[in-house]
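Heads up, the chain below is alone and in the form predicted on its own; it's given as structure tokens.
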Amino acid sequence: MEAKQYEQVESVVIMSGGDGVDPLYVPDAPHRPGDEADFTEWPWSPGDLGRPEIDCDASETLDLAEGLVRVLGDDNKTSGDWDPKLSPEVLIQGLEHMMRLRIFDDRMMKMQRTGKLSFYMRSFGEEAVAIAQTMALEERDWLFPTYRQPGAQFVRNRDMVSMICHCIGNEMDNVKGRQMPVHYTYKEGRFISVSSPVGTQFSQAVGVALASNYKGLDEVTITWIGDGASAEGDYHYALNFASIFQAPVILNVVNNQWAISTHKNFASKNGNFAVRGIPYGIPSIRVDGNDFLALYSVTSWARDRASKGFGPTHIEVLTYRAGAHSSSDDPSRYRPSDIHYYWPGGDPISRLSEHLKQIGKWSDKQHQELSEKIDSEVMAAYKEAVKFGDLANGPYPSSDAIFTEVYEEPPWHLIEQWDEMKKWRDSQ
């Protein structure tokens, strides 16, 4: 295998009946329960790849798509053209956002396990993705997330109480019960509602980017999709439209190696998602998704490119889903339980924390104090949220919300159904 491959791709072959029938190739994961987790060390180091001009052609980014942009080295020092040279204050803010998301996730998962939430999804191991990338944007830019980018809301100053009310589904849920828990929407932060049918947000993001461009607004749109969802048509439609119409959009494939229990080998033959953007004529970059600084820098470059009218950027964010897909998933059934500890990219929070210690701007004591402070904030937010209703007892959003806020004037058939529901409700 080529040096740029970081893990062995295995497969199984299923034989079909009858003479002369070719076998069916079925990809498989490189590690299954009982296997010893092992990843080949990455051949890419900070400083290997240069930072091109923002008006570059797609062909000029092939080395960036086949390589891996890194800024933080194994020695916790920064180097290379992609170093954004952020101030310690900005780095500490990013670290705090990531810590807040992890602690929030841990507390909400405990709530789910004790019956206080019906469903939950963590971003464990992927906290840097949405947080670093959103921090690199302007507040007027549009966010089209998946369910692993809730951290963007912390960057855009969403209140935790509001987020928990949504997850509980009480009367203060701003989605009014129309979405599953963790499928947030935050209008004030331009955080578009998370979509359960994965992939649809990619095409939608391109549409909004084109609308902003048509209006002459300096607004860039960013969107994320998982490695599994990149096998869907929406992904390719989005790349095609973004390329042809030069949409000011940043298109991210978050390659966290797993689409629930399906390994990324089912979505990409060679394991590289970044290079897919090159044939569409879109500059493409693969970036270390657990390196806060690299993510910030690449996103800032893409934002500058889009803002100045040079069109879209396609990014593969290389990371690892450290936890379960959701509260309904048991990853020990399809992969080694300790596998995330062996991921070459390490842990995004630890890496940024160790870098700050390296430059003398952080300490274990500060880290512990901040962790305890955030945990207290999360618990206080939960206690405040349940004042508006809990999962078991409500009160819940009004059932009238089924018929409102979709049409300015509901059509006759919905009005008939609404009247029938009201009669049934009044009779109870």
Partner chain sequence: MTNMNMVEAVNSAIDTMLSKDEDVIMFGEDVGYFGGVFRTSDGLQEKHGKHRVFDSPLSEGGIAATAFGMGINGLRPVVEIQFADYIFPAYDQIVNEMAKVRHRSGGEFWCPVTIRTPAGGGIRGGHHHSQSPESQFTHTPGLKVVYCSTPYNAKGLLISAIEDNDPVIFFEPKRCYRGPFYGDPHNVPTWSDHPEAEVPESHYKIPLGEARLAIEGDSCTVISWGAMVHVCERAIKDSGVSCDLIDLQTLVPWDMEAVVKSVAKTGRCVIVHEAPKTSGFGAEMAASIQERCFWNLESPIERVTGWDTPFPHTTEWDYMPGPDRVIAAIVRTQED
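Since the structure is predicted, the reported quantities are computational estimates derived from the model, not experimental observations. Residue numbers count along the first chain shown, from 1.
The following text describes the form predicted together with its partner chain, which does not appear among the structures shown.
S.K.: Would Tyr214 show up as a contact with its partner chain in the predicted complex if we use heavy atoms at 4.5 Å?
M.R.: Result yes; Tyr214 sits at the interface with its partner chain in the predicted complex.
S.K.: Contact with its partner chain in the predicted complex for Asp81, defined as at least one heavy atom pair within 4.5 Å: yes or no?
M.R.: Heavy-atom contact with its partner chain at 4.5 Å: absent for Asp81.
S.K.: So in the predicted complex, does any heavy atom of Ala324 sit within 4.5 Å of its partner chain?
M.R.: So Ala324 does not count as contacting its partner chain.
S.K.: So in the predicted complex, is its partner chain close enough to Pro27 to count as touching (4.5 Å, heavy atoms)?
M.R.: Yes, Pro27 is a contact residue.
S.K.: Exactly one of Arg333, Lys85, Lys110, Lys77 has a non-hydrogen atom within 4.5 Å of its partner chain in the predicted complex; which residue is it?
M.R.: It is Arg333.
S.K.: Looking at Trp142, Phe154, Phe104, Tyr320 here, can you tell me which has any non-hydrogen atom within 4.5 angstroms of its partner chain in the predicted complex?
M.R.: Comparing distances to its partner chain in the predicted complex, the residue within 4.5 Å is Trp142.
S.K.: Only one of 89-97, 125-133, 339-347, 230-238 has heavy atoms within 4.5 Å of its partner chain in the predicted complex; I'd like to know which.
M.R.: Heavy atoms within 4.5 Å of its partner chain in the predicted complex occur in 230-238.
S.K.: Need the contact residues for 406-428: heavy atom within 4.5 Å of its partner chain in the predicted complex, sequence order, or none if there are none.
M.R.: The stretch touches the partner through Val406, Tyr407, Glu408, Pro411, Trp412, His413, Leu414, Glu416, Gln417, Glu420, Met421, Trp424, Gln428.
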